[in-house]
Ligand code: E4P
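First, one chain by itself: the form predicted alone, in structure tokens.
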């Protein structure tokens, strides 16, 4: 399973890449806002860092960039997607799972502009993006579970549907809005291709009370071992 960072902050991206070896990045309008930079500045800075690291190519380090969420017709979506995609070979265009968005993604994929159909909240919504050849589909986890839903079956259903019809591995399933290490584990068990999470979630994955207890025991033993 691949790990993407859900952020538009360049310092977080650099840290997560050097520390955890993240495989890509997902952004959205809220992440852009939190970066404190204008939209074009934020994504251009990420594109420039990719060049510096020698990671050019969507197959090497994809970065999902969401177009203006106010756009509600296919023609406008395609127009902005082309402008954003021209900035970097690594950019994958995030488009909402609504009817004009599905049509736009279909057009863009035929042009060679890769797409990530986002804001998926049901297995049914995940089928058409795969049929139309989108690179990614992003079913959301955290929002649903915050409202009392258990998402393990929901993700497994998408994986099973993709396997039934030959979509699995062609359209990759990004479990999005992942908030806890348990959710990462659930997505991995279900067979999702990718999880995307904030830096703090990955840091939490490496924490366990017994690890700290064990380090304390070993440090004590090290300090009290006879010195030569």
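Nothing here was measured: the structure is a model prediction, and the numbers come from that model. Positions refer to the first chain, counted from 1.
A second form of this protein, the form predicted in complex with the ligand, is not displayed here; the remarks below concern that form.
Heavy atoms within 4.5 Å of the ligand in the model of the complex belong, among the stretches 54-62, 186-194, 157-165, 172-180, to residues of 172-180. Contact with the ligand in the model of the complex holds for none of 14, 17 and 203, as no heavy atom of theirs lies within 4.5 Å. The closest non-hydrogen atom of residue 28 lies within 4.5 Å of the ligand in the model of the complex.
With a 4.5 Å cutoff on heavy atoms, residue 134 does not count as touching the ligand in the model of the complex; it lies far away. Interface membership of residue 114, defined by any non-hydrogen atom within 4.5 Å of the ligand in the model of the complex, is ruled out.
Taking the ligand as it sits in the model of the complex, the stretch 124-146 comes within 4.5 angstroms of it through a non-hydrogen atom at 138, 140, 143.
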